[in-house]
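Take a look at this one chain, the form predicted alone, written out in structure tokens.
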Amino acid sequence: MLVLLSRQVILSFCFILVAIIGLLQQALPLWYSAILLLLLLYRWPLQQSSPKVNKLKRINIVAALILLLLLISLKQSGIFHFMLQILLLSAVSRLVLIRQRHDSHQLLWVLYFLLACCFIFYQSIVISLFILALLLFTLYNHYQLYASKQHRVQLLQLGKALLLTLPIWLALFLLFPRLQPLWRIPTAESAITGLADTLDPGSIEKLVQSDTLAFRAIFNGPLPSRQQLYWRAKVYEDFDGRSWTVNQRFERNQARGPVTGNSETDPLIRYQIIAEVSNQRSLFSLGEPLQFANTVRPAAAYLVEARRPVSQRLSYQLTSVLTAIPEDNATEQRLNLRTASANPKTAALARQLAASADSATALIEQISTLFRQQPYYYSLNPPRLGNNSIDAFLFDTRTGFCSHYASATAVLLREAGIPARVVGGYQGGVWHEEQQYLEVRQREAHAWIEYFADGRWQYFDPTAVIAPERVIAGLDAVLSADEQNQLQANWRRFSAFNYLGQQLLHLDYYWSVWVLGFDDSQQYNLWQQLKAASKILAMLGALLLIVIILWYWQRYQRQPAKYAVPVQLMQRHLAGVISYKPAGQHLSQFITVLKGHNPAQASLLDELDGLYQRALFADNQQALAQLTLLLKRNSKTLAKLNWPD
């Protein structure tokens, strides 16, 4: 019998596909998403009529043209994204044409696979719950399509099944070995967020206008002061007269210099970082990292990087000392003395300052005095600069952001013969006392410098000279009201939305720490703790088992069986129809009614009834044995007994 799909079912499938298209937007070009939505709209005129050959040909031609366009853009999309695009195209095309229930098998399984792929792109608890809701909605539609109309969803039984499987799921999550993937899925070049490999006038100003989360930090001890929270992420050493770029040596797996921090004199800071998706390797650390988690590795200039681009939320642990950074290799000083053939006024100023300074520290003090005495300004909207950007900033505009002051200071030091480089990262953060974590957003992006003196790289933040409130209290403390409004989205100006967003952020933090952050190292520690407590757990388990056995033995010894053996035998083998027996009706009377609905088994039921009555009322053990044997031989026949609805 052919069963046509109802409008409600088709509408449900359309809703699921539209939601999947929105969730997989990272893997879909905009034009492709628009075509898929148009195809779903094209489904409605076909609802009232049966599919025709010309309509099938029309859809096949459109699908072939779309496939050709996808093949042309394969290099930009990547193999994995291309696979998702093909599956989405097949699902939408299938939905356009199907009319009958048996045609929906393939569509349902493709939907399940696409929903599972959505978890690859998202780790936020809110979106994960939305994907789970879509999955349950798809399962419900699957059940509604193929389940009998007489059977409804048994919510109580479903809840019991979920409760029974919950301990198994928790045991698998906590104890099952976390194996490395057998392959890596090739993906397209995704958009890089955070600090880029090039720093020029205007880079940091654009980045701080984003309020997206960069990372969160949890400290295994007291929180360092805000003036100590300089999160190093990038080191810029190549300068072309206007822009700073990361040197090519950071692209190689360069051996890091020896650890020089002294844990006896320098206080150790142990902390955990939960980094958001950035699609680059650069990570965040304080001072000189001494100990690393397995998920990260040391890089040049005592930075920390991921082993592969961070395409999913990454949790790692570090131990650092907040001291000056040691020298990485012998060529590092020469590399950071190179100057560009530009900014002649800055070069002359550097020579003038160096003539009256007998050390790098003295030169730093003179540069600080220059910034304090001259009318320099700190602004989120500095004027545009030309090719000789340092000259224009120091002598003309005198208005800039942190990257302007860091770049000018590094050039002055290099022109004076002192190795210097620009460091990009984040400064400060928002501490949540109740949840005990530090929230660092893109708006905390910052730039400062490191100069070489006394055998180590010393850090210096010229922004702390121009606008010390930026380091002490945060960016908002030094911006005007108009600049603060520029950084704040319109919806964030409502306190209710701010509160709701913050609570969701806290919930997402717990999700990241307890679920996403449960890695193989934490699982190993859990196994070690279980191993240490195994003897005690074994003794407690044996004692509990003995108590349960004694309790059951006493219970069944003291209480008689609820039903006699013949009754139990009959109820067990007539389980398919016994639920229709009215309360208070004798079993023999029920068998008489049952014979009327199953005339083919009337003789068998008469024989069972006779043996049952002799075994129950006459306590005939021979009849009980015959009843048991007869029930076993005809168990399949009895399971097929009918009862009219």
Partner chain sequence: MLAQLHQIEQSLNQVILGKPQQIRLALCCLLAEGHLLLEDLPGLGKTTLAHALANSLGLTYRRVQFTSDLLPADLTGISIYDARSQQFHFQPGPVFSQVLLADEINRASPKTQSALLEAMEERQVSTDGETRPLPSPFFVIATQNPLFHAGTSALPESQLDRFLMRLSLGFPARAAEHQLLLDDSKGSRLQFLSQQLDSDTLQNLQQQVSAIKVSDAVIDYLLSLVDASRSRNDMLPLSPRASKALLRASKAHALIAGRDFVIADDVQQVFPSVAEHRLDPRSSAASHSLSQIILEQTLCPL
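Residue numbers count along the first chain shown, from 1. Remember, it's a predicted structure, so these values are computed and weren't measured experimentally.
Missing here is the form predicted together with the partner chain; even so, the following discussion is about that form.
Mapping the unseen interface onto this chain, residue 617 counts among the residues with a heavy atom inside 4.5 Å of the partner chain in the predicted complex. Mapping the unseen interface onto this chain, residue 379 falls outside it, with no heavy atom inside 4.5 Å of the partner chain in the predicted complex. Although the partner is absent here, residue 589 lies within 4.5 Å of the partner chain in the predicted complex, judged by heavy atoms. Of the heavy atoms in residue 581, some are within 4.5 Å of the partner chain in the predicted complex. Note on the interface: of 633 to 641, 19 to 27, 6 to 14, 617 to 625, the segment with non-hydrogen atoms within 4.5 angstroms of the partner chain in the predicted complex is 617 to 625. Note on the partner interface in the predicted complex: the residue among 97, 135, 567, 477 having a heavy atom within 4.5 angstroms of the partner chain is 567. The listed set 124, 90, 333, 571 contains one residue whose heavy atoms approach the partner chain in the predicted complex to within 4.5 Å, identified as 571. Although the partner chain is not shown here, in the predicted complex the stretch 395 to 414 places no heavy atom of any residue within 4.5 Å of it.
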